[in-house]
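As structure tokens, one chain now follows by itself in the form predicted alone.
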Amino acid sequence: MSRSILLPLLADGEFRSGQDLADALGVSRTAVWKQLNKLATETGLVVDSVKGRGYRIPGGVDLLDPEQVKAALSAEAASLLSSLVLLESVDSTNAEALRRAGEGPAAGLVCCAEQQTAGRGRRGRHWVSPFAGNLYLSLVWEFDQGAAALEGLSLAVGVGIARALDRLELPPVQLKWPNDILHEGAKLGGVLLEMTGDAAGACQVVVGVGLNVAMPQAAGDAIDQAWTDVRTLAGSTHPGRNKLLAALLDELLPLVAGFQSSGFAPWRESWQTMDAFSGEEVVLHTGPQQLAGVARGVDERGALLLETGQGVQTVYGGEISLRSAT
């Protein structure tokens, strides 16, 4: 019995009797009970069982629906989308997208999952990925000028995400160089770029996006920094994960399609207006080394401009974390 059959029957949060579930699935009530216990263990979802009423998932579960997402896309985004893959569970959507890209041309492939078992952020950090709580998506695009054509892409993607959230009338967000989405200092999401192919020529790039949507508190306790989610920002006007995913793809598909020809320059001004650390004293950490200065935005290539006692230094991406000095 697949989760994809059982979960939709309980997605609305209402009670369903064991017999109704058994009849719908063509199995015994004992089999339903065993599968619900397995589902709760594997997904972390809470499944209530009340004698005389049946089973329910309190509050329901907001499942992704590829057809809903495709129906909500703009004509431009729909024309650029080659495939929308939705998995119940995967180690990492980026890892899966890289595997598929390695099998052949995959421009316009979008891979999403309800749950990641080994989700990752920058510097190999674990990305908390509870079942059906957030968005985990990876978009593949092809470039023929190698890594040089990708300078500033993660920053431009951050602008695209911010624009998608704004279109859904969510509160303004800030961007932290080089790849974080923040709201009032708390982390809302992040971007992870990975590449396969020729670093100096034809390559395929995976744009990974993780966005906290309705993070369960128990899962959030594993995050080692302040965080927030779309549900907190939106309150009663929460748009739902399918609408969110469509809005993100509306922004990101045209962005990656045009980035090789435009570069980061057209995105720079928008990024600067959302710079979370603009004019602040910061400390850059790269391995054991630290460099203190004042953040002065980014240049046309997406490099951080750091004002130090020796003047303004240009800092490119890499194993660098940015922390406020205050």
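The structure presented is a predicted model; accordingly, all values stated were derived computationally and were not measured. Residues carry their position along the shown sequence, with the first being 1.
The protein also exists as the form predicted in complex with biotin; that form is not presented, and the subsequent description refers to it.
A residue is said to contact a partner when one of its heavy atoms sits within 4.5 Å of a partner heavy atom; residue 208 meets this definition for biotin in the model of the complex. At least one heavy atom of residue 190 is located within 4.5 Å of biotin in the model of the complex. Taking the partner from elsewhere, residue 127 is found to have a heavy atom lying within 4.5 Å of biotin in the model of the complex. Contact annotation for residue 176: none of its heavy atoms lies within 4.5 Å of biotin in the model of the complex. A heavy atom within 4.5 Å of biotin in the model of the complex is found for exactly one of 229, 251, 151, 180: 180. Proximity to biotin in the model of the complex, defined as a heavy atom within 4.5 Å, singles out one entry of 238, 120, 100, 163, which is 120.
Looking at 75-83, 214-222, 229-237, 132-140, the stretch with residues near biotin in the model of the complex, meaning non-hydrogen atoms within 4.5 angstroms, turns out to be 132-140.
In the model of the complex, 92, 93, 94 are the residues of 74-100 with at least one heavy atom within 4.5 Å of biotin, listed from first to last.
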